[in-house]
Structure formats: C-alpha cells, structure tokens
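One chain is shown next in structure tokens, namely the form predicted on its own.
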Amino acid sequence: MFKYTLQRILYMMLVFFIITMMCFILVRMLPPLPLDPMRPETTVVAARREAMGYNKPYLVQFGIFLKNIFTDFNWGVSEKLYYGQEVVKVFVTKMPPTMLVNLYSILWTIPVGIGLGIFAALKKNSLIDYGISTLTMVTISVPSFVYAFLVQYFFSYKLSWFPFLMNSGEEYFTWPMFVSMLPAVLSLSFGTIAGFTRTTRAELTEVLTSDFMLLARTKGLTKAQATIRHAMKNCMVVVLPSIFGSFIGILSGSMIIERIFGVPGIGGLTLNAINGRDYNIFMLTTCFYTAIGLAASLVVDISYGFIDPRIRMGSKK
C-alpha cells in the first residue's frame, strides 16, 4: 500500500508539472499586456516582469517561475484586474465564498443522495425504483447551468424566495448572506444528488443479491438487520471514496454557477482572468484547479485500500 501510494503521488506530481509547464509556455507566448504609465502601480508591475525574466527564453522563465513559488510562494502581481496587487492575496480573498457554497451543497446532498439510492435499491424493479432511476439519469444528463436558470426563474423570480445574485460583502456567516447563497447551492446540488443516488442504488442492489446476504437471512436475520449489518457495510466500500473525493473537490467550485449567481469566488476570478488576459491570476487558478483534481483522484484511489482491507493496490501476484 505504501509503495502504491508513493507511486501515485509521484505520478500526480509529474502530471501536475507537465500541465503547469504547458500552460505557462502557452501563456507566455501571448503578447504581454501594455503597462499604464499613468498609474503608480506600474513601477511594481514592471519590476516584477523584470524579475521574472520576461525577455528571457521560455524555459528560463519557467525555471524562475518555479523558483519563486518554491522559495517565496510568489506568483507575481496582477497586471489587469487588480493592477499591481499580489496574486496570492487576491486569490485568498476569493476562496471563502467558493468553499462555503460548495460545502453547503455537499453537506445536504450526501445524505439525500445516499438515502434515495438506498430507497430505490430496497424497492428494486418497482415503480418507485423506475421513477428514481429515470429521474437520476435525466438529472445527470442536464448541465448545472440549466438548473441555475430554472432556480432563478422559479425560486427568485416567480416565488421571490431568494435574491437573483449573492449579496456583496464579506459577512459570509450571516443569515442574509446564507439565503443569498442558496440558489447557487441548489444549482450545484442536483447533479451531486443524482450521482450519489445512482452509485448507491447500483452497489446496494448488487450486494442485496449476493450469496452472503442469503446466508445471513437463513441464519435468522431479518431483511432490515441483514441490510444494515452487512449490505450497507459492503456498499460503502464504493460510496465512501466518492464522498472523500467530493469533500476534496469543494475547493474547486463551479465557474459557470459562480458567474451566473455573482459569487465572488475563484470561478469568477478565473473567468475574469481569461477575459481580461490577466496571465498571472490565470496561472495560479489553473494550477489550483489541476492540483485539486489530481488530489481528489488520489484520495479516492488510496481510500479504497483503507476502507476494504481485501484490496491490495499495486501488489504483484
């Protein structure tokens, strides 16, 4: 298990390095943004460009870029959106709303999704099962931004329960702010609920028809006892890793959802950086999303070995 984990970490670092290098070189091949001589921050931006070797070969620039990150965690300064400000400081201020919106979404979608999956599995081949399965497939097939527009239309426009956009300010733990986050939370929830429902239903249905479940029933256990003691335990071998991956992924957010509901998070910052050609911000957010995706897949893979001791990842026969 240790050998497999070490290999996965090394592979993850290699993939992260390659993606970062490709993005860096492609970004630096673009024409640099013109400096504004009328602004006092221009001296800071010009000095940073000189320190990062903008006039040197791309590989040399990439080496300077990595050195600045590992020695001082210096990602440069914003050259357009937040002119002259440290990219890291801007990034940190955008993190809380992204984390909260996704955390609120996951905290209630996990029990709802797993509960629906269990209910559908226990009612296998019934109208309830067919209805839940059909609704799950339709929900997964629809993009999240479609739900965003539906939530805005019904809950914000027709019913006037929520505002159209998230409230401004940094008082994230107040009730008005929480209410303003709910449209984005609901929009992110539909696909997650459907995913957990489908996974739980498929795994539990397979476990309920296994031979050891028949043996448990013949020993005198009721259906409820056999399901809780044995079936759910085996079903969680597949469900729990996806939960771990979801919690790692709460940092990533959803760029489109954040843009639609005006969430001042990392997603909106990334889109603004792309549209505004703020290359340093784009590099930081791109590396961040890449790291989160790789870390989530790593946690999911490794968690299988800890949840089910029968699994021996990376072992050779």
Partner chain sequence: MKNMEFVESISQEQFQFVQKDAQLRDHKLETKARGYIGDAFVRFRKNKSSVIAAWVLLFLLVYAFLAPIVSPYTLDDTDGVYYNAPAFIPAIAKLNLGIMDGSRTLPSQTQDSLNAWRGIAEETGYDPVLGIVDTRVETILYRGQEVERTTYTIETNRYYEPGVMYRTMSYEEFEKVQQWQNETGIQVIYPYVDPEDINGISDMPNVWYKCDNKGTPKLDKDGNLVPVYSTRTHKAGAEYNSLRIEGDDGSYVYSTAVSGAVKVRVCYYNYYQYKNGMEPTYLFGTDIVGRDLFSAIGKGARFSILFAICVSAINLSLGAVYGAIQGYYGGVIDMALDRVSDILSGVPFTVVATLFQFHLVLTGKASALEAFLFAFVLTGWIGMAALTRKLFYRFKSQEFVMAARTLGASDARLMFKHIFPNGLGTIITSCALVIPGVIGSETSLTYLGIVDLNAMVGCTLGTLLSSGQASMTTAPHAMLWPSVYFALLMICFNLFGNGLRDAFNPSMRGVED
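Positions refer to the first chain, counted from 1. None of the values given here were measured: they were computed from a predicted structure.
The same protein has a further form, the form predicted together with the partner chain, not shown here; the description that follows concerns it.
- For the chain shown alone, P111 is not a contact residue for the partner chain in the model of the complex, no non-hydrogen atom being within 4.5 angstroms.
- The partner chain is not drawn, but in the model of the complex it has no heavy atom within 4.5 Å of I118.
- Residue contact check for V92: none of its heavy atoms lie within 4.5 Å of the partner chain in the model of the complex.
- At a distance threshold of 4.5 angstroms between non-hydrogen atoms, N275 is in contact with the partner chain in the model of the complex.
- Remark: of stretches 143-151, 102-110, 231-239, 210-218, the one touching the partner chain in the model of the complex is 143-151 (heavy atom within 4.5 Å).
- A heavy atom within 4.5 Å of the partner chain in the model of the complex is found for exactly one of T71, T174, N125, T222: N125.
- In the model of the complex, the residues of 262-295 lying within 4.5 Å of the partner chain by at least one heavy atom are, in order, L271, I274, N275, R277, Y279, F282, T286, Y289, T290, L294.
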